[in-house]
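Let's start with one chain on its own, the form predicted on its own, as structure tokens.
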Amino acid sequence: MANKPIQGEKRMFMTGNEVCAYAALAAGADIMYGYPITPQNEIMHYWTRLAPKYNRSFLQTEDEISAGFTTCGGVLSGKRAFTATAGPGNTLMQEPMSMAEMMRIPAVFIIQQRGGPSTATVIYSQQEVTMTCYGANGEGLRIVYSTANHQELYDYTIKAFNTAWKYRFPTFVLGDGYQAKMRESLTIYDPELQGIQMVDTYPLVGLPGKAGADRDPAHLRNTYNTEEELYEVVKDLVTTYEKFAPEIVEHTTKECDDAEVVILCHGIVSRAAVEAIGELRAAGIKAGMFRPITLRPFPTAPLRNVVQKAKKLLIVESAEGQFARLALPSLYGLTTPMETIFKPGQGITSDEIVKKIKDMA
């Protein structure tokens, strides 16, 4: 038996779900808690096939509510624990996600978005942006990475465990049905050989010694009886989140230095945008792309810097404005004309983006 799931680095041809399972193994995840739901099922399948070879564990729960809470419980016991879900499973899991925010439980959630509303629609979509960033009661004190390809699924699944445990906020990897099911090439690697040191995990409950005498007591509360008490705790959480946000926030750009038209998008849609930019530039149209990698926290300052220099802005997403509603507060006060391509539950091609931008001229 190999000591490590990934030896060195290898080129592989995998589905996105398989990538997530390998990345969690490479990150040293101890246990996955889960309940089946398409399109994330194969993360569980690959994990249950691979994990026993490396003394890792899996627990199938009775539903997604339980999967979320057991993930939180695993983390509280000191395990590097995670779960994965989609669509209505994401809906059900919002209660434990909210608790993870309030108690600063560093759980990792992988979300493979699917169409909605309601159940049974298992196709591609980007319609879980609002729910993943701001679902449940609370203030959205989460870290959300939106991935665009399989290499990023691998990289950011590993990174999510470190981000969660370093900053003590629940951390999400937001993929989608296309990324979950399609196969493409990527390089998988042993994080240590890439200079990535995994953040140590530790138990948050059941600590040795007497609280208040031998050690500081651990205040892990999710229940408050007065408005004043809740106010103080939430304000402290918000302050802590905002302090860490500049260290966490990530974005990428393409051809933005002289861009007259900026395409604003996230996730897999950015691949169509990159292709469109090549066609537009060949046609003499100075187009660029801004893509937030973290949807929470959001890269407000760099986005404003790019958009205020452009003549036009095009927001593109496979949802009816969920990403736009997330981005627009960052653009408050700017007068750059804006148009949109909103296609809820449907993929977007480079041809559609090219046509739209030519029509905007």
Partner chain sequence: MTTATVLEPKMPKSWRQETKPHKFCPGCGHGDILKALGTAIDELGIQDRVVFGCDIGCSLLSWDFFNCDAIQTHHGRTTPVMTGIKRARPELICIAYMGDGGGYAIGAQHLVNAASRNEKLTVILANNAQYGMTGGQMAPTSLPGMKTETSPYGRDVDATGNPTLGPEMVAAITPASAYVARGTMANIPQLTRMMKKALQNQIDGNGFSFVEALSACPTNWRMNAAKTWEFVEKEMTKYFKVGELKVPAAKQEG
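Computed from a predicted structure; not experimentally measured. Here, rigid core means the biggest group of C-alpha atoms that superpose within 1.5 Å across both forms. Numbering follows the first chain given and starts at 1.
As for the form predicted together with its partner chain, it is not shown, yet the points below apply to it.
Enquirer: Pick from 64-72, 288-296, 317-325, 39-47: which stretch has a heavy atom within 4.5 Å of its partner chain in the model of the complex?
Expert: In short, 64-72.
Enquirer: For Glu95, is any heavy atom within 4.5 Å of its partner chain in the model of the complex, or not?
Expert: Result yes; Glu95 sits at the interface with its partner chain in the model of the complex.
Enquirer: At the 4.5 Å heavy atom threshold, is Asn162 in contact with its partner chain in the model of the complex?
Expert: Asn162 lies outside the contact set for its partner chain.
Enquirer: With the partner left out here, check for me: in the model of the complex, does some heavy atom of Ala283 sit within 4.5 Å of its partner chain?
Expert: Looking in the model of the complex, residue contacts with its partner chain do not include Ala283, since no heavy atom lies within 4.5 Å.
Enquirer: With a 4.5 Å heavy atom cut-off, would you call Ile31 a contact of its partner chain in the model of the complex?
Expert: Within the cut-off, so yes.
Enquirer: Can you pick out, from Met131, Ile123, Leu207, Met182, the residue that has a heavy atom within 4.5 Å of its partner chain in the model of the complex?
Expert: Only one listed residue qualifies here, and that residue is Leu207.
Enquirer: State the residue from Ala218, Val238, Leu230, Leu193 whose non-hydrogen atoms include one within 4.5 Å of its partner chain in the model of the complex.
Expert: None of the others qualify; the residue that does is Ala218.
Enquirer: With the core lined up, does the C-alpha of Arg183 move 2 Å or more between the shown form and the other one?
Expert: No.
Enquirer: For Pro203, does the CA position differ by 2 Å or more between the shown form and the other one when the superposition is done on the rigid core?
Expert: No, shifts by less than 2 Å.
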